[in-house]
Structure formats: C-alpha cells, structure tokens
Ligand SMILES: C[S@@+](CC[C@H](N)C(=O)[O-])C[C@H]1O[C@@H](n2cnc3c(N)ncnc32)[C@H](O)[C@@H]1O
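Starting off, we have a lone chain in the form predicted alone, written out as structure tokens.
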Amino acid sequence: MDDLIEEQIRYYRQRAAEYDATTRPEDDPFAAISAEARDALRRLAPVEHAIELGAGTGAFTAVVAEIARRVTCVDAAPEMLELNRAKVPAADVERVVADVFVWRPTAPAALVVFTFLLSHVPAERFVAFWDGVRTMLAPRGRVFLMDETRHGLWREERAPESGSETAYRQLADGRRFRIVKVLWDPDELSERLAQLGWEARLVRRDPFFWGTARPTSRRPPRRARRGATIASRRNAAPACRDAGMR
C-alpha cells in the first residue's frame, strides 16, 4: 500500500499544471453544485484557525481563508501548493508540504477541511486517518468534507491486480499512474463514522456529497473501530471521468 500511496503522490505532483483545467472546465456541468458546497462551508464562519488537508491548487482555500483568521494548508505535492499560493496570496495562509497521513499540527484547529481527499484514503488507513483528524481538532471543533459519491454517471479504468480500490489515471502526455479511489455513499459513511465516534451531517447532490462531522464525547471500543475498518473495504467502486476527475 505504501508504494501505491507514493505513486498517487507522484501523479498529483505531475498533474498539478493541468489539474484546474480538468476538474473545473469552462463548461463544468456541476459548477452550481460546487457553488452550493462552498456556500455551506462559508456558513461555518467565523473560525479562528482552520486546517485544510490535501489543499491542492486552492479550489476551496479561498473560501477557507474567507472564514478563518488563520489557515494552514497541507499537501504532499509542492507543485500544487505553489499554484495554491498564486491563487490565494493571503498573508494569513501557511502552506506545509507533508504527508497528510502522518502530519500533525503544533496546535489544534477549530475547523479541519478536506475536499476530494477522503476518496484517496485506502480502506486499511480509514480508521487511522480519522483518528489523526480527531487529534487536529480543538474542543468542539468540526470537520467539513466534500467528495465524489457512488453515482454511476461515469466510470474509470480499474487496476484489478491491485484490488477494487485502485484506479488508473492518465496525464495529458499519456503517462499512466495508479491511485486510490474509494467512493462512499454519504449514508454509509455516516454510519461508519458513528462507529468511530463521529456525528456526521452530510448532503448528497450527485455526483458529490458534502457536510460536517464532529467527534462525539467518547471514542468507541476497539472492536467497533476494527469492524468499521473491515466494512469500509466494501465501499470501493468504479467512477470518474476526464473532465471533473479529482
């Protein structure tokens, strides 16, 4: 799995220059849905400190910077963060090149944001990922997330030798990479998160979903957390396209 994650990082480093053109084309049929999600994020204002994981080129960073006095953007691809800096040149936005699976902040935040990141988290790291996010949150803090759901509107090529979680992605120059792509139904995700001690409120607008999650007062027993890991492996499903591919 480590090799697959490293290949995924290489892919996004190489894709940085073409990322915006492929995810947000001028004729984007889902622009209105994305705008609805951004409005939902704006309604979480005001925030003292926000962390954005997998910040990428800054599709949501500008909104996070609107609602937070201080923002920490984390991404494993420095090329993505350079484009992010050019797009959102705010002085109160700090950018950190780091692996979101292992990075931890020096101080917790009231809000942790990640968009189109959860689907790139392997099932075997799902529990550890949410445990890490929990440590990033201040008391009464919350998460805002957005991602692609299982919708059937398009499909992408899978890598069967690596399991159903793995998909092929191709750059404009023809180079191919493997990435993790695990698509969640928001109702099922809410159930899994409840098993891990989170309360999620998610909205579905195909092909996306978004919403918030808060830790509950106590973490569940280890057996429940282990069961959630096993269940999450069932949620890998084929989907994506060239324009809008995250």
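Start at 1 and count along the sequence shown; that's the residue number. In this text the structure is predicted, and so the values were computed from the model without any measurement.
Another form exists, predicted in complex with the named molecule; not displayed. Remarks below refer to it.
- Message: Contact with the named molecule in the predicted complex for Ala59, defined as at least one heavy atom pair within 4.5 Å: yes or no?
- Response: Contact check for Ala59: yes, within 4.5 Å of the named molecule in the predicted complex.
- Message: Contact with the named molecule in the predicted complex for Val100, defined as at least one heavy atom pair within 4.5 Å: yes or no?
- Response: Yes, Val100 sits close enough to the named molecule in the predicted complex that at least one of its heavy atoms falls within 4.5 Å.
- Item | Partner contact for Thr72 in the predicted complex: the named molecule, 4.5 angstroms, heavy atom | Residue-level check for Thr72: no, no contact with the named molecule.
- Taking heavy atoms and a 4.5 Å cut-off, does Phe116 contact the named molecule in the predicted complex? Yes - in the predicted complex, heavy atoms of Phe116 and the named molecule come within 4.5 Å of each other.
- Item | Which of 104 to 112, 137 to 145, 77 to 85, 170 to 178 sits within 4.5 Å of the named molecule in the predicted complex, heavy atom basis | Contact-bearing stretch, as computed: 77 to 85.
- Message: Give me the residue from Arg95, Arg158, Arg150, His120 that has a heavy atom within 4.5 Å of the named molecule in the predicted complex.
- Response: The residue in contact is His120.
- Within 4.5 Å of the named molecule in the predicted complex, do Arg24, Gly54 and Arg246 each have at least one heavy atom? Every listed residue reaches the named molecule in the predicted complex, so yes.
- Query: Across 11 to 32, which residues bring a heavy atom to within 4.5 Å of the named molecule in the predicted complex?
  - Reply: In sequence order, Tyr12, Tyr19, Arg24 come within 4.5 Å of the partner.
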